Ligand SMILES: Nc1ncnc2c1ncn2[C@@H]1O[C@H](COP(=O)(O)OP(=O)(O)O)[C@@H](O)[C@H]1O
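So this first bit is one chain, no partners, the form predicted on its own, shown in structure tokens.
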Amino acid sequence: MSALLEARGLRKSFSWRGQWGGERRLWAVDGVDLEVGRGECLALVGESGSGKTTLGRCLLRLLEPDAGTVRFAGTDLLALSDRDLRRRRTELQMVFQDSAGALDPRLRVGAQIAEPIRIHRLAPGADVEPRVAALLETVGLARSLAERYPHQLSGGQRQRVGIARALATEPRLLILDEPVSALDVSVRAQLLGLLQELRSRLQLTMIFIAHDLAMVEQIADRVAVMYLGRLIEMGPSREVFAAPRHPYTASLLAAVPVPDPKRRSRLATTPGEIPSPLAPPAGCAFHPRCTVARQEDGAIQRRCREQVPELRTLEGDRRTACHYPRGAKEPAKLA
């Protein structure tokens, strides 16, 4: 499968000024390499603050990265002028987590879906309204909702409007940032089914940002796990869920609720909380919480304390950034 999107060495930082003065850098994305194949769904997972949303926005140049490259269909997006990037916008779209905040409360739903069609001149004026109606039907909404305002819709309906607006430009790549996290379980299931149907029917490539691993397992072909701005594990979703290589991935899977109260997870959960990105630990950022790094006497492996692990190939399409990956039959090899 050829890659539609490739990122290499992507970095993004933010300046932070403390209460008592002094400026520090927060590295939200720190040296990320990834690729997304045509027609593939890649899930970005991790705890809040791991850098998933920042990475998604950098891939679309909604945020300007500090360093690295992003190539879409062979074109370096970071090298494009504002004018050329605007032309490319039709091919890359994003669905935001906060559906209420992403929609203008002063505009009717139909006008908001029509806006990208008019801006990019994708249809003659007389054809815009029928196109909006067709988009509403595509996402399972009645045409009459075009006359309503966002506050008159339910959360699930607003998120469908956000999807319809993103589809208005007929994109090739769709990035979805926690698109169902604020919805109840039944609505989540409906939207996941809709996304799977749209992906198949429209031949969409998707990056699905989420923290709900049970949901990710249903929709993603591959999974990329983030921790403090770095990718620490990647691989086919079935293989990652069946046998996680990184201790952090194993702990995320252990935290997934099991419907049977008599059944316990075979994986150990992780103690503590994610460290502050303003003061990340030296070496492997996960080592203060890692049970694998801790020796029998309680001391931390020196290699884990001092050396930052690189994302390495274990076997096939499995990659992990861990000095002591779980279940590895042989030492990790460089990718």
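When you see a residue number, it is the position in the sequence shown, counting from 1. All figures in this text were calculated on a predicted structure; none of them were measured in a lab.
Below, we turn to the form predicted in complex with this ligand, even though it does not appear here.
Within this chain, residue 295 is remote from the site of this ligand in the model of the complex, having no heavy atom within 4.5 Å. Looking at residue 34, you'd find every heavy atom of it more than 4.5 angstroms from this ligand in the model of the complex. Interface membership of residue 28, defined by any non-hydrogen atom within 4.5 Å of this ligand in the model of the complex, is confirmed. Using a 4.5 angstroms limit between non-hydrogen atoms, residue 306 is distant from this ligand in the model of the complex.
Contacts to this ligand in the model of the complex (heavy atom within 4.5 Å) from stretch 29-62: 47, 48, 49, 50, 51, 52, 53, 54.
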